[in-house]
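Heads up, the chain below is alone and in the form predicted alone; it's given as structure tokens.
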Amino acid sequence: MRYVKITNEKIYDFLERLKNYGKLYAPVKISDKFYDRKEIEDVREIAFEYIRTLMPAKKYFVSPTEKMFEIDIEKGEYKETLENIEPFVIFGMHACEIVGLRILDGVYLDKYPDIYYKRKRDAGIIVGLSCLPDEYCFCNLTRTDFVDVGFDLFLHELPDGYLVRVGSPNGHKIVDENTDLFEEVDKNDIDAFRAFEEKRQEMFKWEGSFDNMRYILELTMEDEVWDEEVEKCFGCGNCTNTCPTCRCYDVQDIPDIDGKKAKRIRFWDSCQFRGHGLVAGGHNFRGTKRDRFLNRYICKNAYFYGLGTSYCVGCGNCTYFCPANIDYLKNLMKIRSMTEVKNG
């Protein structure tokens, strides 16, 4: 892998030049508590210190609502609606979310690629950014706290700038076309990178591994912890909306009011909605809130063989944004009977 360095004095020039490669999206602070990604005009708005955003980066690749095709019923004509996708750059994705995007790749770019997803994936440039965990993060347990592939550039914080890992042909192109912004990595930078990584590992609240979690969940489906927690759940679907890897969607055909034309749309769905498991004839495969609640835990901890990890990347979004204050990680810890490690 290729390594270069960019200093703090040049970081905003770098961000400005990223706009030459497409629309620039990055995290910004939108309130005292929350961050979200938006298209950037002033690069000094970008929040380097953010930990999570209201909506995950998947929204740029799997749109919350998307028109698939139109039908002219009178003419009997079908027209696929593939919107023109312009190049774009997502700056500041953390390692766990990049792994999440790779999981989506495994779903949408497998044997039968999804054309809507693929067009956006091909148009996107990913620039990762290092981070320090808060009390909600457990990506170390899911082994998603460091990422080797899936990005074009990845910036690791140094005292005076960033060590940059180059991870793709697009990443090499950006560096080669902007050589005045970058310099060679020296021993001090390597030592600082090592120190940052050690500090990051020490900040995680828990230690251990979730490799066997999927089996433990299957063996404890009748445990009373689920009865206690499901009573808190509103069934709002906020946990799945904010999850980087939840990918369920529903499809609807919507006719025009005159009945002459129609369109088919797909939109984000949630396994926490009653209608998610409802099929023709009125049967519901997950008819109770307990069934739906437990299904999410089992689904998120199922094994994704393509990456050798679970579908949960340990970001903590579902807990942080849950209006019912359901703590996803602590529920897993109750089941796993792991020991909390407190630092300090």
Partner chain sequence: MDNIYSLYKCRVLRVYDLTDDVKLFLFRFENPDIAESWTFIPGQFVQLDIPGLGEVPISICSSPMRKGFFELCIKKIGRVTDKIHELKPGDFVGVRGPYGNGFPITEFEDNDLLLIAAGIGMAPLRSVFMYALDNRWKFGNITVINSAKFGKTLLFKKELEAMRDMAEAENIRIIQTVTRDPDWPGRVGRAQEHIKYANTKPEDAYVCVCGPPQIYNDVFQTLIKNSYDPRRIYVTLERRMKCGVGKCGHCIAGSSTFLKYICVDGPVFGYYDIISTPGLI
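Numbering follows the first chain given and starts at 1. All values derive from a computational prediction rather than experimental measurement.
The form predicted in complex with its partner chain is left out here; the points below concern that form.
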Open item on the list: If contact means a heavy atom within 4.5 Å, which one of 245 to 253, 137 to 145, 84 to 92, 195 to 203 is the stretch that engages its partner chain in the predicted complex?
Closed with: 245 to 253
Open item on the list: Residues K120, H172 and D186 are flagged as a possible site; in the predicted complex, is every one of them within 4.5 Å of its partner chain by some non-hydrogen atom?
Closed with: no
- [ ] Would you check, heavy atoms only and a 4.5 Å threshold, whether D223 touches its partner chain in the predicted complex?
- [x] no
Open item on the list: Can you work out whether D191 and its partner chain are in contact in the predicted complex, taking contact to mean some heavy atom pair no more than 4.5 Å apart?
Closed with: no
- [ ] Report whether the minimum heavy atom distance between E157 and its partner chain in the predicted complex is within 4.5 Å.
- [x] no
Task: Contact test in the predicted complex: G275 vs its partner chain, heavy atoms, 4.5 Å - done: yes
Task: Stretch 52 to 75: residues contacting its partner chain in the predicted complex, 4.5 Å heavy atom cut-off - done: M68, F69, I71, I73, K75
